[in-house]
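Encoded as structure tokens, the following chain is the form predicted alone, with no partner shown.
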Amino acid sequence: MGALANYLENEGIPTTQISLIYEHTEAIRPPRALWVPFELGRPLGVPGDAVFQRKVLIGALRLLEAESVPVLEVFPEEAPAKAGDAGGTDETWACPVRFSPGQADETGPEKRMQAFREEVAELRNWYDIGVQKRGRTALSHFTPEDAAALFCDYLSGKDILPPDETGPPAVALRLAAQDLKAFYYEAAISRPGAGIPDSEAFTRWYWNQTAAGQILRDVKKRCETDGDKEMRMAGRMFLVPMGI
């Protein structure tokens, strides 16, 4: 983004940005950047805290008033541990969604896919409640059911037919994986008393305690032996985080 900002400035378009890695921004020297001391993936801080997020955005936009460039400013506050919490918390997040013991580890692909479909159906109501309350969702290409169907069809050996706007199957799998993870996150935090988890707590739950985590591992394994090199690359790099 810093390199793109320099290009846009050369075309006469003022830019400002939020930076999560100070050293990279310092080396690239974009015209205006606000470095924030937040975890990667959360440039505005904790999800759901509109007041704090607005403060970050205003900080970045105010850099457009700088008289000389480049300027790299440090945001002076740490992100709250949860929405509306100015002081942080030491509480450990525990997802209130509980599935049947061993559900994510069902033996046999058909049983795992059935457990996965049932899991998506169980979470759907909470996801809908959350979308209604927040008025938005991070899902961009696939409904939860369509994402689940795409993965199950692929594991069943069927030809997958992704929507035209997603591009080829390898890209569709990546986008479906992103939307599926967003669906689980939004559903989980919509349960009463759930709170907002940090990324590590959610990652542990998603990959270790859900059927979705197991299905994506299965998809990854199948992609790695696919005849299409783009599918093999998707399996190696884009579906399951390294170390999971």
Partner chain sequence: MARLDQLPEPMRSHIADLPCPHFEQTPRASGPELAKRRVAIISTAGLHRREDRPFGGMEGDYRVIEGDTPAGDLVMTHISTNFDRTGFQQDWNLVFPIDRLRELAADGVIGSVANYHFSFMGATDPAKMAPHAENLARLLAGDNVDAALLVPV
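Numbering follows the first chain given and starts at 1. For the two forms, the rigid core is made up of the largest set of C-alpha atoms that agree within 1.5 Å on superposition. In this text the structure is predicted, and so the values were computed from the model without any measurement.
This protein has a second form, the form predicted in complex with the partner chain, left out of what is shown; the following refers to that one.
Shown alone here, Asn208 lies farther than 4.5 Å from the partner chain in the model of the complex, counting heavy atoms only. In the model of the complex, at least one heavy atom of Ile196 sits within 4.5 Å of a heavy atom of the partner chain. Contact annotation: Gln53 falls within 4.5 Å of the partner chain in the model of the complex, judged by heavy atom distances.
Within this chain, Gly12 lines the site of the partner chain in the model of the complex, having a heavy atom no more than 4.5 Å away. Listed residues Glu110, Asp128, Glu78, Asp146 were compared with the partner chain in the model of the complex; Glu78 is the one with a heavy atom within 4.5 Å. Interface residues of 205-228, taken as those with a heavy atom within 4.5 Å of the partner chain in the model of the complex (partner not displayed), are absent. In a rigid-core overlay of the protein, Ile18 has its C-alpha displaced by at least 2 Å between the shown form and the other one.
Comparing the forms between the shown form and the other one, the C-alpha position of Gln53 differs by 2 angstroms or more, with the core used for superposition. Ala115 is not among the residues whose C-alpha shifts by 2 Å or more between the shown form and the other one once the rigid core is aligned; its shift stays under 2 Å.
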